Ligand code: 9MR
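As structure tokens, one chain now follows by itself in the form predicted alone.
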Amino acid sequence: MKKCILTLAATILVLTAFSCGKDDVVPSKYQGLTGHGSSGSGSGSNTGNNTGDNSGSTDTGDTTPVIDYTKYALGELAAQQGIKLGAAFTYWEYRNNPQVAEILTREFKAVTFGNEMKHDAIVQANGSMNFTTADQMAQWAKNAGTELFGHVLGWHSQQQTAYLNTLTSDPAAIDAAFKSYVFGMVEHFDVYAWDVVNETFSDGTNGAFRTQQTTQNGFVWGTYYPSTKDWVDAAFAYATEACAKYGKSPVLYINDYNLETDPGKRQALCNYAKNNPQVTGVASQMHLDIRTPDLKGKIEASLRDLVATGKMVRIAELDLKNNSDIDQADMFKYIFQKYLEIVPEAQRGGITFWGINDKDSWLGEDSHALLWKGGNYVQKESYRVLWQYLCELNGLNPYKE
């Protein structure tokens, strides 16, 4: 019996030792930091741990400082380093998950619509343009004080083929329809930047432009221009003309994926940007997989090539397939470190995560790709590591006062 009691006591001690509270204990490297005060973005009290008087009483409570993640918003911390921090979301998330609006409002400085500004979401089967859904989201973003990124003017996918197929006997009509769409979008939306052309280079072809033959889903634009390059040239020309006409000055990006793992595609994108002065920004989507050999080295090489174009440099759709929150946190921190190290502040176009919660990711929940998880939108280790890292860079006190 005595042995059972001792075993039970030992078990309780072990469980107590491994239990964790709401907040993290502050690592020793944060001791002694001078805080700049709360930004006002977080909720909850920032009062200190010792609130009683000292009239002869002994305080036996634990005074070990703990991190208070409500003190600063992630986007505010990033902004102090010249990073406009954004996230993508869809109309479904906006309508059905109130936590999405709450997190976007609290944590981010910019938003991108996942689908609602694409050609088939705006252009109707008769060729008219319907902005109703996108306008609801844009108004919410404006009310929330977040800036809007325009995604996307030219893409090989999600075209309104029901309308475009009525014009395919006349290449001039296709061009006119594309120009009308670009001008209509630029006039209607106030954005800080546009994805003018998205994913225009083929995979594994040493940087060749996409064609109808190398694209699976009916690349109308690529069929009815003399070449895909002619279409890309037209996209930047029309976007530039429309911005001048309507008195707007957004950054005009060319954007692609796999730039880290496909050097030929990356070089083609950089060469195009260098040779077209109407391109004012280059972007890597950075849909990454932790299993990629030498992923960190590939990320660094890609960022250096993008910076060498002299254009604004943006990470446009960041997420990471992985099986470990710790590995994800390490990689996200590395990306922010290298972005700040390699990209001059004058060229920093920002970093946008392609979603908020693992369960809503286009990659599927099992990819563990984003900063929050689960139905309760729990902050992951990657959020906390980025938050602590940016606090340290900014000289801010991360713990409860």
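The first residue of the sequence shown is number 1, and the count goes up from there. This is a predicted model, so every value here is computed, not measured.
There is also a form predicted in complex with the named molecule; it is not shown, and the following applies to it.
| Residue stretch of 111-119, 72-80, 173-181, 270-278 approaching the named molecule in the predicted complex, non-hydrogen atom distance within 4.5 Å | Stretch 111-119 is the one.
| Just one of 157, 166, 212, 97 has a heavy atom within 4.5 angstroms of the named molecule in the predicted complex, so which one? | Answer to the contact question: 157.
| message | Given that the named molecule is not shown alongside this chain, does residue 287 nevertheless sit within 4.5 Å of it in the predicted complex, heavy atom to heavy atom? | response | Taking the distances in the predicted complex, the answer for residue 287 is yes, it comes within 4.5 Å of the named molecule.
| request: State yes or no: in the predicted complex, is some non-hydrogen atom of residue 107 no more than 4.5 angstroms from a non-hydrogen atom of the named molecule? | output: No - in the predicted complex, heavy atoms of residue 107 and the named molecule never come within 4.5 Å of each other.
| request: Report yes if any heavy atom of residue 198 sits within 4.5 Å of a heavy atom of the named molecule in the predicted complex; otherwise report no. | output: Result yes; residue 198 sits at the interface with the named molecule in the predicted complex.
| query | Taking heavy atoms and a 4.5 Å cut-off, does residue 334 contact the named molecule in the predicted complex? | reply | No - in the predicted complex, heavy atoms of residue 334 and the named molecule never come within 4.5 Å of each other.
| request: Any residue of 138-153 with a heavy atom within 4.5 Å of the named molecule in the predicted complex counts; write them all down in order. | output: Heavy-atom contacts within 4.5 Å come from 151 alone.
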